[in-house]
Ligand code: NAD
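First comes one chain, alone, set out as structure tokens in the form predicted on its own.
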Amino acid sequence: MLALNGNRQETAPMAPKESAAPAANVFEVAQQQLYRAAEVVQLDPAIRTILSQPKNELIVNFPVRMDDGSYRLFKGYRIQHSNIMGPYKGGVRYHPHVHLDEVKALAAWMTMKCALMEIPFGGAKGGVKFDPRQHSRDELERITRRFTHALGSNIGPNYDIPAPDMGTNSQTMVWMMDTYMNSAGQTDKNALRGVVTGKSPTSGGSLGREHATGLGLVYTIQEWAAETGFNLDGATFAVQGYGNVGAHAARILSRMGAVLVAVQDHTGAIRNTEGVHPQRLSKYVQTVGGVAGYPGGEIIDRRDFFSTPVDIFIPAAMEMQINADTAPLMRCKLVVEGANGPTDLDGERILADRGVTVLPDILANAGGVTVSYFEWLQNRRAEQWTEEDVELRLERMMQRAYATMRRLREERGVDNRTACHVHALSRIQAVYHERGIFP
């Protein structure tokens, strides 16, 4: 008889340690951002209605055998927001607090992000509700393969293309790819590598993909610095979330002379006004699982972290971190959103009133999906681009998107986030007007 312990999966989630429970509903925030730009664009009411909800919402419950022989039931999501611009595209996250509205918001932002970057993809997002840190490598593989099998034909290289996100990595994507490929006919296998992006280079991934989001974020900071005449050499910055995005951005900025002075993640926060060494911190986090206890900085609480004076603040953790409670504490010139949706509507208003510039998520963290597009192209063409070529192409696309944001901000008299959404919605509206709505 099967031993099921799936009840653990459905207990009420506690707020993550790096944040109090957010008051704002993340999907409502995404909708309000869209509606604000829709007024500027004078978006067709029919298109606004279509974009207000995802096209498809898939929820799957699937059993997985644990290492002790018991079985646990997992809940997975795949939300497909829009494919008017191309195949659905978006990451898959493994986190204990994944929920429907969160994934819907993330999928909507992906639609806007790809349209802003002028990449021929639509928007999607997925996730499985569990804590990957509590499972062995073998269990993670079985969870991934069962989730991929449960999704079935709802993903595909010309339909919906997953990628890594919080709690997942290149190994996760290789498992997804292999599971999908082995469900296809033998003659079609190698044509299906592009079913996911963010794979390891040896299994069909792109060189430069691992650090692409952090690098793209730094490219936007460089554009802001050039626009404002700000010198990054000697600038101070803080990072919330020291995973893939935060750690790579910190290492790249430090090579440019900027100084990391404060870091927070799910384990706690540290500060060193003389500077935290990004590479050493990365090695420490890889060893112990978080920044807490790092010997190169003093322990501080959440309030002290947000109130640390810095030039640049990089939220690269969870959604809705900058809000009515935390925004008044912040003492910075620039917020660069490495995470998706880290700033709620109240937090955004407070930052604007205080003259803090925000480089929004759909621009600042778009390096990941941009290089995912490069990977997809390489898979289709059976090519392998050099890392230098990838980085050069990424830099050009980030510069173009920043210039577009700047132009529309000045022409329309709007903030950076609205300017980015204006460009995305203008392109989506043009396609709908050309194609019409079937039938």
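Residue positions are given as counts along the sequence shown, with the first one as 1. Just so it is clear, the model here is predicted, and its values are computed rather than measured.
Separately, the form predicted together with nicotinamide-adenine-dinucleotide exists; it is not shown, and the next lines address it.
Enquirer: So, K113 and nicotinamide-adenine-dinucleotide: in the model of the complex, are they within 4.5 Å at any heavy atom pair?
Expert: Yes, K113 sits close enough to nicotinamide-adenine-dinucleotide in the model of the complex that at least one of its heavy atoms falls within 4.5 Å.
Enquirer: With the cut-off set at 4.5 Å between non-hydrogen atoms, does D265 touch nicotinamide-adenine-dinucleotide in the model of the complex?
Expert: Result yes; D265 sits at the interface with nicotinamide-adenine-dinucleotide in the model of the complex.
Enquirer: Is G123 near nicotinamide-adenine-dinucleotide? Define near as a heavy atom within 4.5 Å, in the model of the complex.
Expert: Because no heavy atom of G123 falls inside 4.5 Å of nicotinamide-adenine-dinucleotide in the model of the complex, the answer is no.
Enquirer: Give a yes or no for D165: in the model of the complex, does one of its heavy atoms lie within 4.5 Å of a heavy atom belonging to nicotinamide-adenine-dinucleotide?
Expert: Residue-level check for D165: yes, a contact with nicotinamide-adenine-dinucleotide.
Enquirer: With the distance limit set at 4.5 angstroms and only heavy atoms considered, check whether R133, G241 and V245 all reach nicotinamide-adenine-dinucleotide in the model of the complex.
Expert: Contact check passed for all of R133, G241 and V245.
Enquirer: Choose from 332-340, 175-183, 218-226, 148-156 the stretch whose residues reach within 4.5 Å of nicotinamide-adenine-dinucleotide in the model of the complex, heavy atoms counted.
Expert: Looking at the partner contacts, the answer comes out as 332-340.
Enquirer: From the list V358, A317, L253, A105, which entry has a heavy atom within 4.5 Å of nicotinamide-adenine-dinucleotide in the model of the complex?
Expert: Partner contact (heavy atom, 4.5 Å) among the options: A317.
Enquirer: Exactly one of N323, T308, T144, T213 has a non-hydrogen atom within 4.5 Å of nicotinamide-adenine-dinucleotide in the model of the complex; which residue is it?
Expert: Of the listed residues, the single hit is T213.
Enquirer: Enumerate the residues of 394-412 that have a non-hydrogen atom within 4.5 Å of nicotinamide-adenine-dinucleotide in the model of the complex, in sequence order, or give none.
Expert: If the 4.5 Å heavy-atom criterion is applied to nicotinamide-adenine-dinucleotide in the model of the complex, 394-412 yields nothing.
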